[in-house]
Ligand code: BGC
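Below, in structure tokens: the form predicted on its own, a single chain.
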């Protein structure tokens, strides 16, 4: 950004209405290059001579605005003429509007900064920068808010407000770090529904994040009023009570000419659109398009198999990721939340890096996490925090551990040592925070944790599962310490002190929770006052096995007991956000592959396929968000677009298909290939376009024989292990096996 550019704002506070800042200039010279750089406190759309600069939306994206703000640079060479107008339209967005149950979190007013740098054919240069000489105008966007929606009135006059004023913005400006947010798929409604209540509903056939574009000609002053929802109720009527206080109302007022409407500074999560009000013309589905909006991520992973329910599950996992990877890894895109929850992000990040290239996406978000880390090493539960710095933050196990898990997983996927080195201090400070967090040096006891969030073993209407939060916290203490050690060794650091710490944590864990090789849990205070949690939970065993916390001699016995508990529960899991991602791994790694497949293919709740058989097109927050009787789980927290349980795909890819990068040669420079076929699927095929080429495995049944086709890129070494025990080392090429 040019150093002469100043932060400017409207002289009049327009509240929830957008504002326009603009200037005009002339040039007679021939242009060689023109670059427009823009940022905002709030959200902006920039125009040169009436044409939008670039394809990004919801710019400048969401960062911890009091610390740093991205700016974007656009090549606008082809837009420059002799007479020129630069216009910047500003909306409140995350910085000034409602977010995280507050408003004006980062600033009281919107502001903009911009520089248009012109390079002429004769080699001379000129720069047009924001200054108090710019003019301020009202906008036809009369209201915009992330949660509440947008109102656009094409009949509203655009009036002069006065000269711009200087604005005080202390945050550091940085060039674009993450991926741009862009418009993706354009979906036509699949059906026009008239509900039993007489409502007119558009069904787009897919739960998505984005907005509806409307293109039509209607009488001047006539209105289009739309509300959005994810599901219909059991009677087929419109439903969006699960959006809580997020109004998600879109209002368009027609000009009388052909209008094209879509929000500029808001987005919604929806499948269904309720046309609350519509002009006196016949509704044509061609008037409407649902536009999916998310960070522009390159697709890297593909999967298909012979079971259509599993294929739909994979579709839902991919769409759940797309919908919630909108600049930050949000929990959900629809209700009055949409925050960068760390727990959701860490359990899903391995799957995320298989489906899409997320290196830059997490580079940007981890940068904000490092800035948000408290002086004591604590990591807030969502990033950016959206809370006053003076607040007491909730440093929750399995959530804040994202500070160690995600840097390691991103290194594992992409092999970026510089990024790992950049965040090693954050990892180290987090482990030191746990070390000093409670009364025990080598256990994490006490604290305000989320536990095994939304597990079903503490009653289906509970938020916190039955697993001891102390046990979960202490297990993650060990896990984060182990990841810190791995990172330090990659960076060639002396990790002997942390290796000693890890040994002591494991020893203390075994002493407290596994005396004499038997699981014993201790009393916690749970939601609603429940004390003395059950002695055993599926999640407790899953974490102990997955993190290697039991002695090797006890491993098989613990795995067998976990399998027995699942079968005693009718072949159903009871795990939540913490236990579920590792459940199938520990079963298949310890002789219970058939049970892992049974859980994957289970259709009763709780299961992955329950939502699929009930019409889901994205992942659900609750196993039973929609109950068998057609009623809904509590409106307090019931998203139908919550990606966390989609973490099962890292098992499907790593175990079912059998592709895993080795940690000593990350980014798939060296891979282990160990497929685990199952006749119930018939066939399965998956691939990943890694930094070192495409790795693909396809297995299929013909009679009693399983055939394998394996593709390995040049310069990649694959260590193959087939179910029979046959092993072979493969290098670049396509290979076929049968057994």
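As the structure is a prediction and not an experimental result, all values here were calculated from the model. Residue numbers count along the first chain shown, from 1.
The following text describes the form predicted together with the named molecule, which does not appear among the structures shown.
Engineer: Residue 150 near the named molecule in the model of the complex, any heavy atom under 4.5 Å?
Structural biologist: Although the named molecule is absent here, residue 150 would stay clear of it in the model of the complex, with no heavy atoms inside 4.5 Å.
Engineer: Heavy atoms within 4.5 Å of the named molecule in the model of the complex: does residue 601 have any?
Structural biologist: The answer is no: residue 601 has no heavy atom within 4.5 Å of the named molecule.
Engineer: Decide whether residue 325 counts as a contact residue for the named molecule in the model of the complex under a heavy atom distance cut-off of 4.5 Å.
Structural biologist: Residue-level check for residue 325: no, no contact with the named molecule.
Engineer: Please check if residue 401 has a heavy atom lying within 4.5 Å of any heavy atom of the named molecule in the model of the complex.
Structural biologist: Judged by the heavy-atom cut-off of 4.5 Å, residue 401 is well away from the named molecule in the model of the complex.
Engineer: Using a 4.5 Å heavy atom cut-off, which stretch among 428 to 436, 579 to 587, 289 to 297, 330 to 338 contacts the named molecule in the model of the complex?
Structural biologist: Only one stretch qualifies here: 330 to 338.
Engineer: Of 361, 267, 450, 356, which residue is found within 4.5 angstroms of the named molecule in the model of the complex when only non-hydrogen atoms are counted?
Structural biologist: In short, 450.
Engineer: Check each of 371, 165, 107, 637 and return the one that places a heavy atom within 4.5 angstroms of the named molecule in the model of the complex.
Structural biologist: Comparing distances to the named molecule in the model of the complex, the residue within 4.5 Å is 637.
Engineer: Are there residues in 615 to 653 with a heavy atom within 4.5 Å of the named molecule in the model of the complex, and which are they, in order?
Structural biologist: Those in contact are 621, 637, 642.
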